[in-house]
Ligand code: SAM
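A single chain, nothing else alongside it, follows as structure tokens in the form predicted on its own.
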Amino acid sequence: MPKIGNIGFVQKSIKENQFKIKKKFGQNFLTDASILKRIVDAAMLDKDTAVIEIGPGLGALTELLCEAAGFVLAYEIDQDLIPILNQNLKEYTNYKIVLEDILKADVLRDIALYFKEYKKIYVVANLPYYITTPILLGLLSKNLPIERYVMMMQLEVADRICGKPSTKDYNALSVWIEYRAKAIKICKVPRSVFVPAPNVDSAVVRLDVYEELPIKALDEELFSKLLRQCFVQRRKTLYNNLSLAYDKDKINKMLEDLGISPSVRAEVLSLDDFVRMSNYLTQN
């Protein structure tokens, strides 16, 4: 079991280094070693795998990643954590801490620099809750050579990512993720296993990115815009939402040609329906 991923080590490390937890960076340190192991097991790592970690914190997850993977590249935004991380991970040589905001980092450049000899690239991370969605959408939209994401995030966001049609959690994010990857919720994580405890529960989600998209939008920018518009007001009909942004006659003709009722709500439609609408608008 990891030495870093327990409450005693976390409290000791914070106290000895006089580290001040910063709310602005969404710092909540996981202290349950069994959940850390479950995250790593869900990633199915080997020494041919290079891992990108986002927000390594004190290094609890990083320690297990160094044990299981070939190399770990960890992006940390808090410079005060760098010396603590290097001290906690002094037994390992197969990692690199980058002091940079992942939202601003040139990840493709770093992949080329650090991961030349590795066959697979995964993201494994306990994501900062306040920027989970921008991180995920940012990485996935860049078409990086990342095959798998295993991430801990706020439970509400995890439910939306894994949302299915005709459920309360299904929204534009659900559809966009389904377009790119197969999403699986691994486990729920209670707020009580963090220091400090957040105000919400968490969940671990795995995304297996499609090597080839099962269904392709001809214009992915238009597809993304269409998704947001379809769900802009959840209780409104599909026609009412779309008519706020598109020509009404065109929307009527599209829905008629595609055999989609204008009175349905977006929450009952499938990924295939959204892609068909997007491709229709692209071609007409």
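In this text, residue numbers run from 1 along the sequence as written. Since this is a predicted model, take the numbers as computed values, not measurements.
Form predicted together with the ligand: not shown, discussed below.
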| property | result |
| --- | --- |
| Heavy atom of Glu63 within 4.5 Å of the ligand in the predicted complex | no |
| Contact of Tyr75 with the ligand in the predicted complex (heavy atom, 4.5 Å) | yes |
| Partner proximity in the predicted complex: Leu144 to the ligand, non-hydrogen atom cutoff 4.5 Å | no |
| Ile184, heavy atom within 4.5 angstroms of the ligand in the predicted complex | no |
| Single option in Leu30, Leu242, Ala69, Ala217 placed near the ligand in the predicted complex, where near means a heavy atom within 4.5 Å | Leu30 |
| Of Val204, Leu81, Val175, Leu89, the one that lies within 4.5 Å of the ligand in the predicted complex (heavy atoms) | Leu81 |
| All of Pro165, Asp169 and Val232 within 4.5 Å of the ligand in the predicted complex, heavy atom check | no |
| Stretch from 220 to 228, 247 to 255, 234 to 242, 53 to 61 whose residues place a heavy atom within 4.5 Å of the ligand in the predicted complex | 53 to 61 |
| Within 4.5 Å of the ligand in the predicted complex: residues from 224 to 240 (heavy atom criterion) | none |
